[in-house]
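Consider the single chain below, provided in structure tokens and representing the form predicted on its own.
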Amino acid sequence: MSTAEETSGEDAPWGEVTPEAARRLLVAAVDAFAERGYHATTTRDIAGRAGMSPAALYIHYKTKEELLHRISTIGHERALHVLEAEADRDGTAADRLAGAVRSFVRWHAERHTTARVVQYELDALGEEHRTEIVALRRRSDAVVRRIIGEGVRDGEFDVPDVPGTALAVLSLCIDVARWFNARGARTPDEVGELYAGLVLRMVGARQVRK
């Protein structure tokens, strides 16, 4: 499945990227990186997929690495927003953790082509850009740690190692992008529901009377 064919509640893929030529190049880059890997993809490959000349790419992006950085930044910011929206809503820690997992998994399933590039091409970034993306990843980790920590504090969860558990939860969710198939047996919503239940069992969630 290409980026353009991915289905979600969002508008056209990468609609925040302007002008249109820059958006088309970015969509083409996502598809090429997901299919061939960053290092095996050339700027000519990307331009060809976008229906442009190689020279046209450099009008909008100075390097192939700049394209990857733009993709990674937008993708990580979207994923972080998904987690923060669930973490900040009302409800018990169990409700919020389940909601965060459902939404995070659904995003990685619905946008699995994009998510594979966002999550698995980090090492291809230059040092400065990689540092920026790592900071965004740490913010996502902090959101999940906060929910789990609040659950432990309130007696909802039995978790002796909050940082390690948060890492395990995020890893479980992110891996959906690697294997999800839109033609498979489960929908993104069904996978999200399954993983929410698995995570609640992982943290030993129990009902707490307030």
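Numbers for residues come from their place in the sequence shown, where the first is 1. As the structure is a prediction and not an experimental result, all values here were calculated from the model.
A second form of this protein, the form predicted in complex with the DNA, is not displayed here; the remarks below concern that form.
Though the DNA is absent from this view, in the predicted complex it lies within 4.5 Å of a heavy atom of just one residue from R145, R70, R49, K64, which is K64. Checking 36-44, 158-166, 180-188, 145-153 against the DNA in the predicted complex, the stretch whose residues place heavy atoms within 4.5 Å of it is 36-44. Taking the partner from elsewhere, L194 is found to have every heavy atom lying beyond 4.5 Å of the DNA in the predicted complex. Interface residue remark: A21 is counted as part of the site for the DNA in the predicted complex, having a heavy atom within 4.5 Å.
Contact check for A56: a heavy atom falls within 4.5 Å of the DNA in the predicted complex.
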